[in-house]
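First, one chain by itself: the form predicted alone, in structure tokens.
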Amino acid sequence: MPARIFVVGSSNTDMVVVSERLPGPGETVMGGRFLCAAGGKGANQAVAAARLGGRVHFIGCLGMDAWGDAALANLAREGIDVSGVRRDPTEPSGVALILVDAAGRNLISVAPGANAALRPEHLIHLKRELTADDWLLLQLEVPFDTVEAAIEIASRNGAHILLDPAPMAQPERVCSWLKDIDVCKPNEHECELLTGVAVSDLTSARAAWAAMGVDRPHWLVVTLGEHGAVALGDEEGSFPAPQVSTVDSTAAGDCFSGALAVQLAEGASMRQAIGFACRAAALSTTRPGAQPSLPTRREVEA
């Protein structure tokens, strides 16, 4: 049986406006269509992993409101264990405002709400359940103290850790965690913030890998959008992305992370896992919305 995947992270309600182009500062762009959907990097990755066959636990914080009720019900419908979800009586559930243009590019502003109230002392479910066979999947939309506490729990329990360092902040602090991370999966922009090296291909990724020094993670996997991904670790390689007609790139990176976690939890090689994740992420860009765009295992393997 595949190992379990524990996701500690955010859950938001995404309010998306799709227009022909993105507005500039102070500009109003008319003619867009509206979509309201479940999102948040943590919840996106949990749902992506569940749809792709993962045994998923989600640990996060929601408000005591209709948005939180809907988010919790949605996670449960996906077959995700929500025993570790906390409801905060004072903070609203998180909300993201997303603008998408005709080419699928986006601008995102997030009001974290209850996500910011997830504290280290709320990781009781993780402490109780996480074992050495399991994978911990993390992002940076919840407080850094909480992410750090989750890493410490996983390290003590001997579990595997996959860190998606997004949205990037406090790169010095993130770098201090890397020696405890099995897989660090930034995109090219986040990798540059971590290492000071602009990454666009395998050659520049090698320079970023070297810049991490002796305290680097076991694996560095850098996603390059429509250009696929590169990986460095026990081996190295470039992985092209399938060519698709992009509608909306929202949650493509989250889909990649969830897919990567599923494959690694199943014992796949890194090369197999990244190829699978590239296909899943590309497929997710062909549909609008965050969680509505996430593909099933059958779709990826078709």
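This one's a predicted model, so the numbers in the text were calculated from it and none came from an experiment. Position 1 is the first residue in the sequence shown; the rest follow in order.
Absent from the display: the form predicted together with a small molecule. The rest refers to it.
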Would residue 40 count as touching the small molecule in the predicted complex under a 4.5 Å heavy atom rule? yes
4.5 Å heavy atom contact, residue 108 to the small molecule in the predicted complex: yes
Check whether residue 98 has any heavy atom within 4.5 Å of a heavy atom of the small molecule in the predicted complex, and answer yes or no. yes
Residue-level question: is residue 12 within 4.5 Å of the small molecule in the predicted complex, judged on heavy atoms? yes
Among 122-130, 203-211, 90-98, 69-77, which stretch sits within 4.5 Å of the small molecule in the predicted complex, heavy atoms only? 90-98
Only one of 62, 251, 49, 277 has a non-hydrogen atom within 4.5 angstroms of the small molecule in the predicted complex; which is it? 251
Counting only heavy atoms and a 4.5 Å cut-off, does the small molecule in the predicted complex sit next to every one of 5, 134 and 257? no
